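There is one chain below, alone, in structure tokens, taken in the form predicted on its own.
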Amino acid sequence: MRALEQIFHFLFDMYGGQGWWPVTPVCGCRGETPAEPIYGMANITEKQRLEIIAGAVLTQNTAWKNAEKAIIELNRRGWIDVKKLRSVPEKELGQAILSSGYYNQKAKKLKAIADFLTQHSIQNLRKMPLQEARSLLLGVKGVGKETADSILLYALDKPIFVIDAYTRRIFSRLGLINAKADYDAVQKFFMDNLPHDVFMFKDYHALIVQHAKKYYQGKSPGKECPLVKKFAA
């Protein structure tokens, strides 16, 4: 469906490239790192890929700014490291990520991810076929479809479209999807009607989030949405 590509270009013209996922760059000064993750990093290290994986867990059921505070604290403690995530006591890890909410559960999830990555390294996951890597990730406790696909797309550079609540909100308002359709059906709609381009998938998802924050919150979500006037079915 050409409308999906047209919507992408419309949003890109409105907001520009989003540079997702934000990561903490390595500073050239005594190995220190800046306080906050930044957007638009062209090349990322394996440590930064691990930070993205942790971020995909930490942002579950919370705003990104809350997850970001937790990532800053993990970096401050030097815990963006598989071995350290495994060895740090769960209670201490939970206290470090307090800002992300549900911190006890998320500490368990981070430890499960760290255990998983000792068996399947980030480097090896990047080499795997998409569906094989996805199946393995979905076997990790606390990793659902949205989290797994965020990891696949942003940390592993796999061409898979991430579906979130904002996507459902916007595209059901446009009449392009059924608001009650399950995750797989909505994802299939995007995957079947877009070129499988990692850059597009990353920026499209980020643009959807940006647009939804502007037009799909409050009492009358979507009322002033320019997409509705132009693309509503």
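Everything numeric in this text was worked out from a predicted model, so none of it was measured. So that there is no doubt, residue numbering starts at 1 and follows the sequence shown.
As for the form predicted together with the DNA, it is not shown, yet the points below apply to it.
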Next on the checklist: Please tell me whether any heavy atom belonging to residue 89 falls inside 4.5 Å of a heavy atom of the DNA, as the geometry stands in the predicted bound form.
Outcome noted: no
Checklist entry - Would residue 144 show up as a contact with the DNA in the predicted bound form if we use heavy atoms at 4.5 Å? => result yes
Item to check | Contact test in the predicted bound form: residue 101 vs the DNA, heavy atoms, 4.5 Å | outcome: yes
Next on the checklist: Can you tell me if residue 193 lies within 4.5 angstroms of the DNA in the predicted bound form, counting non-hydrogen atoms only?
Outcome noted: no
Checklist entry - Just one stretch in 123-131, 93-101, 77-85, 110-118 has heavy atoms within 4.5 Å of the DNA in the predicted bound form, so which one is it? => result 93-101
Next on the checklist: Within 4.5 Å of the DNA in the predicted bound form - does that hold for a heavy atom of every one of 14, 178 and 227?
Outcome noted: no
Checklist entry - Looking at 66, 48, 187, 172, which is the one with a non-hydrogen atom within 4.5 Å of the DNA in the predicted bound form? => result 66
Checklist entry - Of 149-176, which residues get within 4.5 Å of the DNA in the predicted bound form if you count heavy atoms? => result 164, 165, 166, 169
